[in-house]
Structure formats: structure tokens, C-alpha cells
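One chain comes next, on its own, written as C-alpha cells: the form predicted on its own.
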């Protein structure tokens, strides 16, 4: 298994993902139990001044505080910005109950790769959450790539978005949700 890569130099702060009060998790609308810490606040974040409870940290903050936050285990998640790869977390992914991937715009598809690599390369079994500006039409494909949570920022009711997590009844290609392509499944039938 690949080792975590070295983090890049601190980057300028762009648009930050929102943290809605409700989200879709494992096919149901539920309350959001996590707080998401945006990147680039004025106050330096330390293990001592980090808010209690479940917190999703920017990758750069988590990498700095990882050793100091070991005691909080199940209360610490990480979010990756669109220019950060899963390899920056590497085998440490297994320590995290939640990893979120940020979509700064629905046209930026790099976060799809985050879901797929977490599930297929690192065998990650925790929550993979989409945050940011993804759209309803992408929910099926996000599910196929291994996402199981959606912190939707749009105006549509989450109950209506649930339908879009299964827009298609079957697919030709293999993916996280169906590892066999259709020709192999038909041969086994």
C-alpha cells in the first residue's frame, strides 16, 4: 500500500464548502452530526483550541495535528480540496471515520477520483462525503464511485434528491458499487 505523500505548500484560500444541517447518508436524509472547519481562518488551529465534538478538518490542518489528535479518533474527519489527492492521506485513511471531497464547481470532477481511490486502492470503509457544488445529476455517478454521503448546498429538497442516487437500474461498466461489468454478470447468470 502506498505511503502518504508529502503535503503541498499552503495554498491561497478559495471558496470553502458549506456544512448544511441535513444531508443524505446511506440512502436516507439525516441530521449532519459533523462541523466542517473551513481553511484559512484568522485564528491558528491547535489540538487544544479545536472545538469539541465531531469536526471535519482541512487536510493541511489534519496533517499538522494528526499525532496530537489521536485520542479523539472517531471525532476527527478530513476534507480534501479539489487539488489534493487521496495519496496525501494514504494508509492513514483507515484511522478516519469520515473523509470528505470538495467540489468547488460541478464541472470539476477531480473529487470523483477521491471516492474511487479511497474505496478501491485503500480499502476505505468509512463515510465518503461529497461537499461543495455538485449537482443532482451527479449523485448516481458519485454513488458508483463510492460516495455514501452528500452534503448538498442547493435549493432542492433532499428527499427529492434521494431518487437521483439510483437514476439507472443497471450499468455496463464496473465501479465501486458493482465490481463486475455487465458482460461478466450476464455470463454468470
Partner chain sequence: MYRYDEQDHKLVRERVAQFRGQTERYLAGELKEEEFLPLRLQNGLYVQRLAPMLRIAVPYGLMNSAQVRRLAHITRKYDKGYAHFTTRQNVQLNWPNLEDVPDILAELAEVEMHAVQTSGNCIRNTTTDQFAGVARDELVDPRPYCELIRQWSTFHPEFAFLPRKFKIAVCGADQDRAAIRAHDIGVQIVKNDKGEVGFQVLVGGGLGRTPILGVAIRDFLPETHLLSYLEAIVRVYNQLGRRDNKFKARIKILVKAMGAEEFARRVEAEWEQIKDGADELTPEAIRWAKRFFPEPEYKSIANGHGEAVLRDHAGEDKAFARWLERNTFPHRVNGYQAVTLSTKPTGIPPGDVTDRQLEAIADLADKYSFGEIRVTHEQNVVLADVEQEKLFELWQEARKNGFATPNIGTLTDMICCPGGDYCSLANAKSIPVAEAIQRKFDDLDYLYDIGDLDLNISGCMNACGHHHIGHIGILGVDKKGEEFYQVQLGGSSNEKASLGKVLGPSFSRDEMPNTIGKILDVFVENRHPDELFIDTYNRIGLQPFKERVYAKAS
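Numbering follows the first chain given and starts at 1. Treat the numbers as computed from the prediction; the structure is a model and nothing was measured.
Although not depicted, the form predicted in complex with its partner chain is the subject of the following passage.
Undergrad: In the model of the complex, which of 29-37, 65-73, 132-140, 47-55 comes within 4.5 Å of its partner chain (heavy atoms)?
TA: Looking at the partner contacts, the answer comes out as 132-140.
Undergrad: Can you tell me whether residue 117 touches its partner chain? I mean in the model of the complex, with a 4.5 angstroms heavy atom cut-off.
TA: Yes.
Undergrad: Check whether residue 167 has any heavy atom within 4.5 Å of a heavy atom of its partner chain in the model of the complex, and answer yes or no.
TA: Residue 167: contacts its partner chain in the model of the complex.
Undergrad: Although its partner chain is absent from this view, report whether residue 109 comes within 4.5 Å of it in the model of the complex, heavy atoms only.
TA: Result yes; residue 109 sits at the interface with its partner chain in the model of the complex.
Undergrad: Consider residue 23 of the chain shown here, and say whether it contacts its partner chain in the model of the complex, taking contact as heavy atoms within 4.5 Å.
TA: Heavy-atom contact with its partner chain at 4.5 Å: absent for residue 23.
Undergrad: What residues in 57-88 sit within 4.5 Å of its partner chain in the model of the complex, counting heavy atoms only?
TA: Result: 85 alone.
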